[in-house]
Ligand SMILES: Cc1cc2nc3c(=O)[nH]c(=O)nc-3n(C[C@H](O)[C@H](O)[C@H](O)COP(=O)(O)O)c2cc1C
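Next comes just one chain, in structure tokens: the form predicted on its own.
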Amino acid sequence: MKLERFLSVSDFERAAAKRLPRCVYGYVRGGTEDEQSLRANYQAFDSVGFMPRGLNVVDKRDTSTELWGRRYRMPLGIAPTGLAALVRHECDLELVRAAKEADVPFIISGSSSVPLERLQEESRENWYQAYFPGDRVRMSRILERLEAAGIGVLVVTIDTCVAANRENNARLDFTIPFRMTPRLLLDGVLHPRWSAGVFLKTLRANGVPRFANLYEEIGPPITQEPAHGFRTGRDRLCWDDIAWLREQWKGRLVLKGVMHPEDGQKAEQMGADGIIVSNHGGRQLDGTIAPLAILPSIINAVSTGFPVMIDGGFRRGTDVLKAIALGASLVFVGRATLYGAAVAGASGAGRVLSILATEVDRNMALLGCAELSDVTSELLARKTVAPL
């Protein structure tokens, strides 16, 4: 496969849609309920436009960025994506390799299937995303596992206290725990490359994928409900638990799913090392404001220099630069690299990152910027519609 023929994230999505069963593609692509949040994420990029500066010297551009004393090649990272094993055999491992090659951060999903210890063998730079219950005994056990594995950055998701109403998944017979139905079986038959290269390959090599990183031990297969429930206790997680967690965890602590300025303030006051502005890719509460739209308000609510990262609908280098201009420290992509992995594993995910990196570099030049620090809100304007 000639990956150079793929020129955009959209090219990879179209190819992934053909390769993946409808239920798997629907799970990756979809949002929740009427998908208002999902659409808002994409539409937010159209609400602001650039005002480029001309005749600046931009022959020596630097797209690198620094976070916590660590310099990354570009202001991008791979967001945590659950159940990636349904997209590609050992997909989490492929994503780690792509991130390592691109020199960007990768966040291990708590709902992933390759044990985090094995992912850590591939790269010691990984972050870990936790779906914590409001149970400090269990949280302590999970922390022990993370410390033993050498995880340095803990990302606590705060927007999944209960399961979202993902109607699109239900209509495609996609459920968690996963249940095989006649329609899903037919879906697999109609997508033989996926059936042979993902489904059967995974069963032969590892058996049914497991929730390998959700608990203090390797969890049950994705076809079974855990003994203590998949989401039991998450609706009891509170700010007091975050304060306790800050005392227990010696590494970096990030809160993901921050969508209100006051929550950004609380996170900083409790000693978090950063936050990720996110509406879970439009997959939790429908009708939320887009992360890009609320980003300036959250940045204004925290101290200067406090790391505010973001995800949600990023598909182009121009999208990334709009977030950087508004003050984001890093931008995370999730669906984009999953589409790349679905097509060609680590090489496909790496090609996606390479495309985005090239777009960021090119568009910085067109904006008249030689460094990321030159990309500021002075280059943005709110779009208006001229009267007819």
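From a predicted model like this one, the values you see are computed outputs, not experimental measurements. Position 1 is the first residue in the sequence shown; the rest follow in order.
As for the form predicted together with the named molecule, it is not shown, yet the points below apply to it.
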ask   = Only one of A323, L353, L338, V360 has a non-hydrogen atom within 4.5 angstroms of the named molecule in the model of the complex; which is it?
value = L338
Interface residue in the model of the complex among R316, K266, H191, R283, criterion: non-hydrogen atom within 4.5 angstroms of the named molecule = R283
ask   = Of 91-99, 297-305, 78-86, 205-213, which is the one stretch near the named molecule in the model of the complex, taking non-hydrogen atoms within 4.5 angstroms as near?
value = 78-86
task = With heavy atoms only and a cut-off of 4.5 Å, decide whether V28 touches the named molecule in the model of the complex.
result = yes
message = Given that the named molecule is not shown alongside this chain, does N126 nevertheless sit within 4.5 Å of it in the model of the complex, heavy atom to heavy atom?
response = no
task = Determine whether any heavy atom of S113 comes within 4.5 Å of a heavy atom of the named molecule in the model of the complex, and answer yes or no.
result = no
inquiry  = Please tell me whether any heavy atom belonging to T157 falls inside 4.5 Å of a heavy atom of the named molecule, as the geometry stands in the model of the complex.
reply    = yes
